[in-house]
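Shown next as structure tokens: one chain only, the form predicted alone.
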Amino acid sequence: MAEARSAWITGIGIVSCLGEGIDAHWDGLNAASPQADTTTFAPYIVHPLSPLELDKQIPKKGDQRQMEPWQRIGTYAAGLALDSAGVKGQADILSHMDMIVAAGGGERDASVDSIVMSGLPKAADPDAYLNERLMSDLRPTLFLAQLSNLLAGNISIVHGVTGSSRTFMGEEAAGVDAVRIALSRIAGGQSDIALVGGAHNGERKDLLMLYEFGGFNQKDRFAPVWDRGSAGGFALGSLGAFLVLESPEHARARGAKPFAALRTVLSDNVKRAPGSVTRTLGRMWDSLAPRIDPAHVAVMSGATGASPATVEERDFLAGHPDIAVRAPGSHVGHAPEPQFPFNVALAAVAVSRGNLFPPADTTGVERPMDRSVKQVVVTGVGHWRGEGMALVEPAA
């Protein structure tokens, strides 16, 4: 676990089913009426990405065409974060801006996969047929498009971010560690300014199939995450989230105004056993407790809705009944890699505005908060493995 550290959040770029940017998301969250697409991928439930005018952040059509959807989502969100921080196009800053990305393994070409799998049983020589199809049907960039670090590469090409670059894989834990490492580098003086985040395309039949093998998908009926109970699952969401993290000295020197400060990020990866999530979150909370003001703190939960992880996080939260909780996953769905950066972004917005959006569940886990928000604890509990927690406060 990491010690308490501090960096300013000076830029936020988020896209989801609620739209793009801070205002669209805050308005959508305040509407307190989460919805999802229950028909396109029935019986599975998905939160589809709101339409984006890609030209605004990815001006070259050639760049757009060579990216997979998840890369376009991430590159777009990264551009929003750079705009938000006021550094878009500033080569002197972008040339030393570090980048840490949480990403999955890319996307399959479903139409080609279907053709190959349909023809293989009928082939006289299956081995020869498979080799021929792989050589002739797959576009040359397919395997490159599945490399997780291509998102960082596209951000570098499109937006000119050319400092050091790191890409983490590992679902929810990758998002936690991307933010944690970025914060650690800034606190340790190894970096002055960093772009950190990730992207996910949840509108994929192949991904739904893979998660169905594990029994993780929410099916048939949409409900907020806390309402899904012991048989619950997650509703995948298409989501992009990037933050600009900056040392206070670097931000002051260029006159940047922060949304909030990221004080610390904790991570763990316990072997899941009954009660392990509850205990791990308790240990993390205890390490933050000396800094927490119970009267003005809220929890921004990354709960997926999948059991048993969400049930055990709910048990942990029951030990803090006076603290307001919100689960953005009810509104935007679950996107493993970018979910934690997305929720840190929402925490920074809540701190900067001093208030929280309304509850959106019927179980009583989420309750109104009639006091000002001065701190937000962000939780991230992986549907299968990986736990994290962050503390967001006003920038001093």
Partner chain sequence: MSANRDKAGRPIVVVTGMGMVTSLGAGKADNWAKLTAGQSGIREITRFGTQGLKTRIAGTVDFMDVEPFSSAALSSRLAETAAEEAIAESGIGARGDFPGPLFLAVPPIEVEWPHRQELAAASGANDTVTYDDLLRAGATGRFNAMHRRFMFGSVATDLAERFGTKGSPISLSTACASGASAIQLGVEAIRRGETDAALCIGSDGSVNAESLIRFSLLSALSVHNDPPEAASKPFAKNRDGFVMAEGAGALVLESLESATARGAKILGVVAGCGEKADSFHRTRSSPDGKPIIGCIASGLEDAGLAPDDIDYVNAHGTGTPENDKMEYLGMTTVFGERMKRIPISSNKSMIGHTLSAAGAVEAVVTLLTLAHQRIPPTINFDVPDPGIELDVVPHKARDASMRHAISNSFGFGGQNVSLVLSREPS
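As the structure is a prediction and not an experimental result, all values here were calculated from the model. Positions refer to the first chain, counted from 1.
The protein also exists as the form predicted together with its partner chain; that form is not presented, and the subsequent description refers to it.
When you look in the predicted complex, the only residue of H250, R314, R263, R185 with a non-hydrogen atom within 4.5 Å of its partner chain is R185.
Contact with its partner chain in the predicted complex, judged by any heavy atom within 4.5 Å, is made by just one of A123, I323, L147, I292: L147. Put simply, Y211 is close to its partner chain in the predicted complex: some heavy atom of it is within 4.5 Å.
Among residues of the shown chain, K219 is one whose heavy atoms approach its partner chain to within 4.5 Å in the predicted complex.
Heavy atoms of D227 never reach within 4.5 Å of its partner chain in the predicted complex, leaving it off the interface. Residue contact with its partner chain in the predicted complex: V161 places a heavy atom within 4.5 Å of it. Stretch 175 to 183 is the contacting one of 250 to 258, 175 to 183, 76 to 84, 306 to 314, since its residues have non-hydrogen atoms within 4.5 Å of its partner chain in the predicted complex. Along 165 to 182, residues S165, R166, T167, F168, M169, G170, E171, A173, D177, R180, I181 each place a heavy atom within 4.5 Å of its partner chain in the predicted complex.
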